[in-house]
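A lone chain, given as structure tokens: the form predicted alone.
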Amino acid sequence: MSAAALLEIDHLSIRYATPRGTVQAVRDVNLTIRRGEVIGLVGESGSGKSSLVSSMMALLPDNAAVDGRLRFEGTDIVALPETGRRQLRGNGIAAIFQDPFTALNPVVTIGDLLVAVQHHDHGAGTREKRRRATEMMARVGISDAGRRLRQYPFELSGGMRQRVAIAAALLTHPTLLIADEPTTALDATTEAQIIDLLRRNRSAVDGAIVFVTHHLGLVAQLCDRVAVMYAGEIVETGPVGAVFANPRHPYTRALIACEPALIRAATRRLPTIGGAPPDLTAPPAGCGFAPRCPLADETCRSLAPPVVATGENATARCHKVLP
């Protein structure tokens, strides 16, 4: 494991047994996440993002089968027994989920929740943990912390609940923080506030942040590096500025062209990517994007594309890497 690497994913594949067949949700993914960076994971719905981050947290369902290795600080999460996986969660890896209401226990007060998430710290008593919770509430922008600690999640707005979820994650002092589409359920104004909050508090994470989204604008604001997923594969990686300025994979270029913030002229029709992703119960032999790609030829349709180095710490999985 390289000195700067926090999480190394080697040839990871995830399959789900379902009534309609085996779904190959993640296919031969290789990715290294380094200390100190914020990496964005982007792609259409169904591209495998949530399955990949669930594997990072050892939270895959019982019908999942995993091949490959996923090493967190040198420990292979895939090979760990369930007791070891539970110790990792909240004591090294923390998460912020899409829906802050379902992520918080509705019958537990905010104060009791924020004390409970510190259960790994056996050296501090309840009073000290509550003091830390009060300080963290202020840090994430929640005023009148004394009153809020006595409230229940249903008494808070969606944006306030997400701030509580962020406070809970930061109180565990995670080495890896996974933010799984944390702004999806929020309005645009609150979304901007949450992104600013994550940006200002990235130093509180003594490791790395994985930010999962389908919103490229948020990646540009928050992330250092980006990994683009399509049909269960990572098709392009690289520094955010370089990838957004000159995407080398046709899918990345098409995805960026659909970003609403980049549309300058008034229009009644938003750009789309024609076609649909492949059925992952029977993945194609060649490139998964070939049926939707204007550059595809018979090689693309019949042979799995190679991973091509496109720059420093940058790759594209494609037969037709763009110049």
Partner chain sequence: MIWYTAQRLLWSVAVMTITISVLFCLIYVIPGDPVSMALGPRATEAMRSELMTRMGLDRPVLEQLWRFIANAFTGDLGTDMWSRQPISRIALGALPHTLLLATLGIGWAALIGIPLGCWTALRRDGLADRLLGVFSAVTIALPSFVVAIYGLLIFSVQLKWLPALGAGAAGDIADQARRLILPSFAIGLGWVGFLARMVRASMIEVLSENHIRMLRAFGLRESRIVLRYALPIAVIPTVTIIGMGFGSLLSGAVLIEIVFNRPGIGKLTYDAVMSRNFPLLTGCVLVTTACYVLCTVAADLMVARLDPRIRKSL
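Remember, it's a predicted structure, so these values are computed and weren't measured experimentally. Numbering follows the first chain given and starts at 1.
Absent from the display: the form predicted together with the partner chain. The rest refers to it.
Interface residue remark: G90 is counted as part of the site for the partner chain in the predicted complex, having a heavy atom within 4.5 Å. For A116, a non-hydrogen atom is located within 4.5 Å of the partner chain in the predicted complex, even though that partner is not displayed. In the predicted complex, at least one heavy atom of R150 sits within 4.5 Å of the partner chain. Proximity of L104 to the partner chain in the predicted complex: non-hydrogen atoms within 4.5 Å are present. With the partner chain omitted here, the record of contacts in the predicted complex names 154-162 of 195-203, 218-226, 154-162, 134-142, defined by a heavy atom within 4.5 Å. For a residue to qualify, one of its non-hydrogen atoms must sit within 4.5 Å of the partner chain in the predicted complex; none of T237, L255 and K320 qualifies. Taking a 4.5 Å heavy atom cutoff to the partner chain in the predicted complex, the contact residue among A179, A208, I110, A168 is A168.
A heavy atom within 4.5 Å of the partner chain in the predicted complex is found for exactly one of L295, A65, I273, L59: L59.
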